[in-house]
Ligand code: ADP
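Only one chain is included here, represented as C-alpha cells and corresponding to the form predicted alone.
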C-alpha cells in the first residue's frame, strides 16, 4: 500500500458557459434596442403617400436601391418607402427638384448566405465547446457531452482523515468492517488460506446513526481511494444514462484499484424490479441491471474494488442485489444503546464548554431512541440556549430544555390560558402522572409541566432508566392505563371531556391493537394477524390487505375494545382511591406549572422507584 495515488487529470477549466451565453444574449438585446431606436426615428410611408408628398414639394432628397427608398423631408424628418421605379416617379421627382441618388441592387455572396444559415449552429457549437471545457466535477458529471459520465466524487487517500476513532459507538459494525480494512492493507493474509473478502457490504439502519461516517472511516483506515455517489445520481430522464453512469463509475474505480466505492441511499436504484404501481421504471431497472452485472464481475484478488452501500430500507432491495457475490454481507447500524450514547455525547462535547456539574451518563440515560445525529443536535441546541442566556458554560438545565425543544417543540409564550383551561390541563397531566407513579410496570417518572410546547398544552414524562429490547404484557397494559389517565381525570373532576385526549386515545388504541394482532396477548391466541402489504407504496407488491376473515376482524375489534375497557376501569378505580393525591398534585401543578420527579415524590409522599444500575 505504498503506492502513491494521483487524482485523475481533469480538463483545464475554460470560460464559464453560462457567462458566454449571457454575453451573446446581451449583444442580441443591445442590437435590438439599437435597431428599434433607429427605426423609431424613421417614418414608413406608402408609395401613394410618397407621390403625394413629392407633389406637395415636401420631399428634399431620396435614395433608391432596388425597390427600397429612404429620404428626407424639407423639415429634416426621415422616411422610408417601398417603391416601384417608373417614369412617373422619376418625372415627379425631377419636376419638384428632389435630390435623387440611386444605388444598384446589393448582391450578397454565397459566404454571407451560408453564414446567415449556419450562424445558429455555430453559436450552439461554441456554447457546447465552452461547456465541455469547463469541467463540472470528477467524471464529467457537469458536462453537456458527458451526461452519461459518473457523478461520483473522488477522494484520494490523503483527503480522508476520518478513522474508526472518530466513530463513537457501533462497536459491532466497526468489528465487521475491520475485515475489509485488513484485506485492503494486507490481502495476502486472506489469500494464503483461500479466503475471499466480501465484494459488497450493505450498511443498513435508521437515518442519523453513522452509515456514511463508517464508510469514510473504512477508507481512512485503509488509506485507499474513495468514490462517493448517491443512488439518485444514477437516475435521469434520459433513457440509458443511469446504466452508462454505472459503467463509467466502475471503469474509474478499476483504474484506481484497490479502492472503495460508496453508494449512499442505494434503494433509489436498487428497489425490487417489477413493483411499480404506474410503470415508468424501465430506466431505473436498466440501471439496476447494469449495477448487478458490474458487481458480479469483480476480481477477489489484490487490486479489487469493494462496494459499500447504505440504505434505510433494506427490505425493499432487489433479492439479486443481496445474493452472495454482490452485497453478500449486511451490517446493521442500530440506534445507540445507553453506553454508546454516552460515548457519542463525549465526542461531540469536545467542541463545547460544559459545566463540571453536567453528567453525560445521566443525559445518555434520558435520551432513549436518540440517533447519533440527534445527540449531536442536542449538544448544539444546549449550546445555543446557554449562549442565549450568556451563561459561562453549558449546564444540565440547558440540556433539559434542549431535549424538551427537540421532542415536543419550543415554548409557546404567546399562548394565553383562561383559568378554567389551565386547571383542566393541570388535572389532565396530573392524571397521567399519578397513574404512572401508582403502576409498578411503568417507566420511572421524570417531570410534568403545563407550559405549552409545540402542539401540546402540557406533558407528563417518564423516561426509561435502561435500554429495553422487549416489553411484557404488564408493561404494555400499564402504558395503556397511563394514556387514559388524562381522560379519566377530566371526567372524574369536571364530568367533562376535552379534545386534548385525542393523541392519548390514538396511542392507547395502537398499543392495544398491536397486543392483539402482533404479540398474541389476547384470547385469540399466538397468531400474527398483521399483513406485510399494509403499505404497498413503500416498495412492495400491492396485495390484499387482509389475510383473515371478517369474523376474525370482528373478534380482533372485540379484544381491542376489551383491553381498552379493562385499562379504563383499572385507571378509574386507582384515581378514585387516590382522589386526594390527584387534587394535591393538580393544584400544585396549577400554581408552579412545572414539577420534577423529586418534587412530586416529596409532595405525594411516594418513595422513588429503584433504578437499574447501568454500569
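Positions refer to the first chain, counted from 1. Note that the structure is a prediction, hence the values are computed from the model and not measured.
Keep in mind that the form predicted in complex with this ligand is not shown, yet the notes after this line are about it.
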Heavy atom distance at most 4.5 Å to this ligand in the model of the complex, all of 462, 478 and 570 = no
Which one of these stretches, 313-321, 396-404, 165-173, 382-390, sits within 4.5 Å of this ligand in the model of the complex when only heavy atoms are counted?
-> 165-173
Contact with this ligand in the model of the complex, heavy atom within 4.5 Å, among 509, 212, 156, 232 goes to 212
Position in contact with this ligand when the complex is considered in the model of the complex, options 376, 296, 182, 332, heavy atoms within 4.5 Å | 376
Does this ligand get within 4.5 angstroms of any non-hydrogen atom of residue 325 in the model of the complex?
-> no
Wondering, does residue 344 line up within 4.5 Å of this ligand in the model of the complex on heavy atoms?
-> yes
Non-hydrogen atom contact residue 486 with this ligand in the model of the complex at 4.5 angstroms | no
Answer with yes or no whether residue 206 is in contact with this ligand in the model of the complex, where contact means some heavy atom within 4.5 Å.
-> yes
